[in-house]
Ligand SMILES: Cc1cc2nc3c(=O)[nH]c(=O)nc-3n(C[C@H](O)[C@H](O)[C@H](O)COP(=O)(O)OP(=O)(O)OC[C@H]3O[C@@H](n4cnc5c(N)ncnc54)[C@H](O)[C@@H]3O)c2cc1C
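Only one chain is shown below, in structure tokens, and it's the form predicted on its own.
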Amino acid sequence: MDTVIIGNGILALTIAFRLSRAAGEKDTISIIGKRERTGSATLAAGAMLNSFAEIEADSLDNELDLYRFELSHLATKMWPKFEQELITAAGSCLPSGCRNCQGFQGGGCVDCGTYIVNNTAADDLDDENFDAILNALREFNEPHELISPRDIPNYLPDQRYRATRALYIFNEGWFNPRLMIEKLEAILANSPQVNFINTNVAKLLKENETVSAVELEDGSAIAGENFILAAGAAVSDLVNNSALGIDIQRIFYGVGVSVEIRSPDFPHKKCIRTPNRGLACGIYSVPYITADCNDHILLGASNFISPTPYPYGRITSVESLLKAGMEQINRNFYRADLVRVNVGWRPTSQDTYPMIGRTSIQNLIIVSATKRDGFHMSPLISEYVVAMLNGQPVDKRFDVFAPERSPIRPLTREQAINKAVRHQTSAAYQHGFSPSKSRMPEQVGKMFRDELERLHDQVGAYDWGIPPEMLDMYRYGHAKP
């Protein structure tokens, strides 16, 4: 069987790894994508294995979101075994940065342990989401501990932004995603069935109701029997360029910036983060262990949705992350070195849910729209995709993420507006909003609500609600009502 994988991020590589483990001598696996990975969501990621830490006050309110959480929780549990499988598969070709790593048992570029801090940098949405995390941890009997913020190693925030509460989640960890990509590439390069093609796909070629080949940027073609489109946020553009006759909702570019710093006097050994807030995941700091040092830290992450690729990190994003890192994590980061600014395009569908599964073109599977959860979910998603490819059963509930579905709309209009008002207000406080001692907070909230009511009327959203992340895409006509 000749399988062509379009894309070379974490999902593409983990799918290729699982395929290669059972490949026959005559099977081929082609992985197509430029090695520099411009806009790679994987390389910009904090690579946190966070399920509970990402919970918000309304995260588990409906059956679909509860199922998505179930998958996320399962993926977290899969990682220790999957990482050990990768180490074993790498053998002597394990990259130098991973040589001393024994997976979750030995530390190195991966470890468990996440601190959640409930600080005063935003508004009381943080309090609600912290409570939601704590309640879910208790409900699911997930190991955790309420702790004093003063006991968090290297947590030295500005006094005005110190946490009032904190908890520690034992089993939610983190990776250095660059080392993970290097490790997967080394394993796959050592497989005789795998071929890396260092270019991008221009379009897919359809013949007799199946995809017959992909056309590369230089005009040459790669034929295959099965095709997996795992090109992140570029999936919509590729589908549109290919005239395949399938209709998928648009996948947008969730442009995120993370900042790598070097802090020799205050290195991290665990992840420190706030709850989700202001249409994003709050502020986090993650150990960024490399081959020759253990004092690098990743600060993240910003987010805005764009209809087109956005190659640069906005100065406001970089400034906000550095300021938040110094104020909310460790005031001594002002002495840290700036190592690198990463820009990643998180693939985000119009309805904000993943798009994974077979299409009506039977030899084409699409894997995208995982937003900021692709790295975390990769052991589970790759297992499911390989099962689909081999005709093996997959949880029927997973069909809800089929690529050609209509947009999922779980929010009522009122729920969506209420949520957007809360998150926009939270974002305003994060970025310096200081209301006068009058009715200004109420007036600002009413201004947000009135504008959101008008927007919902404008796009005909009377019995459904716009996902808060997608407001600008509807506002400027990039998302279809």
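Note that residue numbering follows the sequence shown and begins at 1. This is a predicted model, so every value here is computed, not measured.
In what follows, reference is made to the form predicted together with the ligand, a form of this protein that is not presented.
Colleague: Taking any heavy atom pair closer than or equal to 4.5 Å as contact, tell me whether Tyr384 reaches the ligand in the predicted bound form.
Modeller: Result no; Tyr384 lies far from the ligand in the predicted bound form.
Colleague: Should Ile6 be counted as a contact of the ligand in the predicted bound form, where contact means heavy atoms within 4.5 Å?
Modeller: Ile6: yes, in contact with the ligand in the predicted bound form.
Colleague: Just checking whether Gly445 would be counted as a contact of the ligand in the predicted bound form - the rule being heavy atoms within 4.5 angstroms.
Modeller: No, no contact at 4.5 Å.
Colleague: Applying a 4.5 Å heavy atom distance criterion, does Glu83 contact the ligand in the predicted bound form?
Modeller: No, Glu83 is distant from the partner.
Colleague: Can you work out which of Val421, Ala57, Ala427, Ile32 has a heavy atom no more than 4.5 Å from the ligand in the predicted bound form?
Modeller: None of the others qualify; the residue that does is Ile32.
Colleague: Identify which of Ile365, Leu238, Val211, Val194 has a heavy atom within 4.5 Å of the ligand in the predicted bound form; exactly one of them does.
Modeller: That would be Leu238.
Colleague: Establish, in the predicted bound form, whether Tyr284, Asp373 and His376 all lie within 4.5 Å of the ligand, using non-hydrogen atoms for the distance.
Modeller: Result yes, every residue of the spot touches the ligand.
Colleague: The chain here is shown without the ligand. Which stretch in 253 to 261, 307 to 315, 397 to 405, 153 to 161 comes within 4.5 angstroms of it in the predicted bound form, by heavy atom distance?
Modeller: Contact criterion met by 253 to 261 only.
Colleague: Which residues in 29 to 50 have a heavy atom within 4.5 Å of the ligand in the predicted bound form?
Modeller: Heavy-atom contacts within 4.5 Å come from Ile32, Gly33, Arg37, Thr38, Gly39, Ser40, Ala41, Thr42, Ala44, Ala45, Gly46, Ala47, Met48.
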